[in-house]
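First, one chain by itself: the form predicted on its own, in structure tokens.
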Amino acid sequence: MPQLGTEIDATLQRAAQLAGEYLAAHHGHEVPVARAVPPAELTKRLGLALPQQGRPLSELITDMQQVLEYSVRTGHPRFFNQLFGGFDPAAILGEWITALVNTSMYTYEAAPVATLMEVELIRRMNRMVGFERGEGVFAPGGSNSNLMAALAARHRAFPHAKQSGHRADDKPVFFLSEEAHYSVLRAGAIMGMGLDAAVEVACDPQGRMRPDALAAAIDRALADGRTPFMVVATAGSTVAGAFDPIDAIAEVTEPHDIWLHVDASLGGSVMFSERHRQLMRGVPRAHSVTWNPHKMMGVPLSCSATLMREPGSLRATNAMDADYLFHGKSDACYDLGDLSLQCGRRVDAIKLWFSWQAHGHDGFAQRVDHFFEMSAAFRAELEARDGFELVREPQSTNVCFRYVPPQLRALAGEARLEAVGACTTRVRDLLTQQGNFLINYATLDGAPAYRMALLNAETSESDTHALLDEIEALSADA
């Protein structure tokens, strides 16, 4: 084993130097966002075979260099592909500490500092969404948070299901918008209800759930003898960035006493902003909220908060009271394990706590406002250029658009939409192969469209304009 102060010390110093150089390189355009290497070729270059005998720690620096060279640079200002981007030095420091302490989040005894950090963060985030007495816990991503909310909603409506499963006369049904995240549908499958228990509700032209359509869907379900137990509103949809009207949806759910969950994986961070928090007006009326700081707040993956308005909801749903972990001591209220679906649970609180210390509430507010300003500026640039078309009027940081090259502008109707959609996917593939930009696309309103996710504070207008220049150039022959 290497000795402290010798091999470990030298290797960590070199690793820290490489990390600094890697992050610094994001600020220029000398390095690509991604290197398009086919899987077989990349496997050969990396030399991934697992050795029989171990290697010296110092040799792993070469492996670290390879990992950094061939990984997608999500911190690059021209990475627009997912709903996260950039990097946060304070949060990275928190990640290093998390690895150093190497503990698990089930009891205060095992993770005293991290537990108190998580409790404070959950308390603050609950207050921000209007849950004054709420509880919560971190989870490995928004999908898991949505599942925990669905389980809590089911436990409230069908408390017997935890012990004995569903009865024949339960007939559960839940509702989500037709543009909600797929994890909500999957929750129904995981809970054993099947996808048929989910009703997708129509959206308006901007991708927001229509309250009138929800009311009609609930009435139909009741007439069919089914039991509505949950409605999921989306605050910042994955593709269009749409915010469902939470207040109006609550007006529909409350007379029926249906659990209202808000999937604010993307949009929860607007609560920092005086200008934009109105997008989540009505959220205190919800029973639960998912909020991912690894999106707008720039905290490294993964960091997702599951927030509950009523204390005791998560414990009632998930607790198994394992006596080898939970001993009923005076500080047992700080044992978070029974709030979660997991036993062993990674510490995600430390990196968020460090990030919050560095930025403060006001810093996060400025960050969110900046992203909305970037989105507005990008929208204006699209309008100023011939051939670029908005697919949806942007509500947040996502801007969905298409480019119609001159050779396709004479087309009309379905033929035009089909040709432009095909051009979009071909050009996006060319962009990916070149590696200077990474942007995603999705089928929206009948055809593929570019989805521009503006969530990196280092992205400048020169970066976004360069992307549009490249799309125009590549589309000429696509």
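Numbering starts at 1 and runs along the sequence shown. In this text, all values refer to a predicted model and were calculated from it rather than measured experimentally.
Beyond the structure shown, there is the form predicted in complex with a further copy of the same chain, which is absent from this document and is the topic of what follows.
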- [ ] May I ask you to state whether residue 418 is within 4.5 Å of a further copy of the same chain in the predicted complex, using heavy atom distances?
- [x] no
Task: 4.5 angstroms heavy atom contact with a further copy of the same chain in the predicted complex for residue 441 - done: yes
Open item on the list: Is residue 228 near a further copy of the same chain? Define near as a heavy atom within 4.5 Å, in the predicted complex.
Closed with: no
TODO: Give a yes/no on whether residue 359 approaches a further copy of the same chain to within 4.5 Å in the predicted complex, heavy atoms considered.
DONE: yes
Open item on the list: Considering non-hydrogen atoms and a 4.5 Å limit, which listed residue (96, 388, 372, 158) is close to a further copy of the same chain in the predicted complex?
Closed with: 96
Task: Listed residue (216, 202, 116, 380) with a non-hydrogen atom within 4.5 angstroms of a further copy of the same chain in the predicted complex - done: 116
TODO: From the candidate stretches 206-214, 380-388, 256-264, 233-241, select the single one in contact with a further copy of the same chain in the predicted complex, where contact means a heavy atom within 4.5 Å.
DONE: 233-241
Open item on the list: Quick one: 282, 392 and 450 and a further copy of the same chain in the predicted complex, is every residue within 4.5 Å by at least one heavy atom?
Closed with: no
- [ ] Output the sequence-ordered list of residues from 60-96 with at least one heavy atom within 4.5 Å of a further copy of the same chain in the predicted complex.
- [x] 60, 63, 64, 67, 68, 70, 71, 72, 74, 81, 82, 84, 87, 89, 90, 92, 93, 95, 96
